[in-house]
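In the form predicted alone, a lone chain appears below as structure tokens.
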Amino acid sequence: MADFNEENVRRDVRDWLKANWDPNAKLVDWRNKLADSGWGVPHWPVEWYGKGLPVSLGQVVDDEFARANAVGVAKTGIRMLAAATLLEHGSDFHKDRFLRRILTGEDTWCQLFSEPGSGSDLAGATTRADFDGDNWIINGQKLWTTSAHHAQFGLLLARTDWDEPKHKGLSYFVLAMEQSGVDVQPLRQMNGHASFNQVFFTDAKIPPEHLVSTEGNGWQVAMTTLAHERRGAGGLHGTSREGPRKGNIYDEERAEIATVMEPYKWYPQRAGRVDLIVERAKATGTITDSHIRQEIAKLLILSKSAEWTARRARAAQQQGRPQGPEGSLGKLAASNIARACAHVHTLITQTDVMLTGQESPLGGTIAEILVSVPATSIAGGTDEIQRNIISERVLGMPKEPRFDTGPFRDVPRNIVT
């Protein structure tokens, strides 16, 4: 498509949908057709299921799909993080092997980064990958891995060289989860959910062609994954189309979303639920308390400011600009908002905030908010990590003194390898 203007793109996608959209089609068949057409991910390269359109025109395509009430490619979970990483760093083999099945939803993915002794210190990973001449042999443990219990593949960061400094001895792999050397165990959280898993590797195997980029370049590849995660490229797209939704394809999409989004159903509570604040204050009568009104006003101002920052990040993405500071700023703002929400909910609900069960405030939702909010300050990079990124990479401040330089095998660690 040589003429990248909104009018032509809108006309072309509308004509294509008119000729091809069928709500009674099978979901995978439809998404294969989308992959062949390029309209499923129009900003991807033409040779890899896209149209080569500027990112800024993606909204035009989305608008036309919404107008037709048409289902798009699979975007739930972290599969788009995998796709974005493989598009940037993967070989033609990786793209040919994995991208289409990501778009059709036939494969699900998980992210094998954090470990018990190096959650925030990602470069301190000690899961090891040793090449035996035929395969990479994986031994170690990962933690906080969402969806590992039903994933076919995992994005794995593992140590391949213990004599290099910590950031240089890592490599990035695609790991097949469904093998005897991979043991997935769910973790029960204090809010009652079990969204995360710990994953143990005992002589798990990875074929050499599943190494992404080159040996020792894992840190750079992982930074691409995290940049897209913080910017929202792998957002949790868990809502099916509005409007009339009768047909086989909608039934299959609903079932897919219900399965993939199950681990994330408490995520609105961990964000603090700003949307409940004003109505709760009115319902309880605390809206008349001047102190509580001031706390609510501060929270709403903070929330709106964060929303504007997120919009700047989305606008930059749509214009094809590189990742800026908005990701870390937004992540840190989300933590501050979540904590402020917990504080304000407590002021509004008072001692009843500790009650759980169906007869507690909003059927236990308020109590769930309080025990879920701490996760926002930890997941996806702690507040302390985000502050370091902002101070060092955005503000240009001096880096923290380091005591973990030199060969990684000589660096003191929390666990024995």
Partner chain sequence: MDYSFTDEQEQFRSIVQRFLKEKSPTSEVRRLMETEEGYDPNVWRQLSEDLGLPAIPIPEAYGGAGFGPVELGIVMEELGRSLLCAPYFSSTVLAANAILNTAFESQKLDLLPAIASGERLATLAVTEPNGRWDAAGIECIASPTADGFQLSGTKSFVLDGCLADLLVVVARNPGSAGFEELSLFTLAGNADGVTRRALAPMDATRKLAHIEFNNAQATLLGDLGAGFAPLSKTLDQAAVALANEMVGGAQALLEAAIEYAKMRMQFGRAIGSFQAIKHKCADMLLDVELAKSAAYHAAQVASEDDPDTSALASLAKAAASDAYVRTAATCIQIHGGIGFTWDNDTHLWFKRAKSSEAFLGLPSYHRELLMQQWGG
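Owing to the predicted nature of the structure, the values given are computational and were not obtained by experimental measurement. Each form is matched to the other, and the largest set of C-alpha atoms that superpose within 1.5 Å is called the rigid core. Positions refer to the first chain, counted from 1.
Same protein, other form: the form predicted in complex with its partner chain, not shown, and the subject of what follows.
- Residue 352 is the only one of 352, 63, 29, 36 with a heavy atom lying within 4.5 Å of its partner chain in the predicted bound form.
- This chain appears without its partner; in the predicted bound form, the one residue of 311, 245, 254, 168 with a heavy atom within 4.5 Å of its partner chain is 311.
- Within 4.5 Å of any heavy atom of its partner chain in the predicted bound form lies no heavy atom of residue 250.
- Put simply, residue 183 is far from its partner chain in the predicted bound form: not one heavy atom of it is within 4.5 Å.
- In the predicted bound form, its partner chain sits within 4.5 Å of a heavy atom belonging to residue 315.
- A residue is said to contact a partner when one of its heavy atoms sits within 4.5 Å of a partner heavy atom; residue 211 fails this definition for its partner chain in the predicted bound form, lying far away.
- Checking 66-74, 52-60, 368-376, 37-45 against its partner chain in the predicted bound form, the stretch whose residues place heavy atoms within 4.5 Å of it is 368-376.
- Residues from 189-205 that approach its partner chain in the predicted bound form with a non-hydrogen atom closer than or equal to 4.5 Å are 189, 190, 191, 192, in the order they occur in the chain.
- Residue displacement note: residue 298 has its CA displaced by at least 2 Å between this form and the one not shown (rigid core superposed).
- The rigid-core alignment places the CA of residue 67 less than 2 Å apart between this form and the one not shown.
- Annotation: Cα of residue 396 displaced by at least 2 Å between this form and the one not shown, core superposition.
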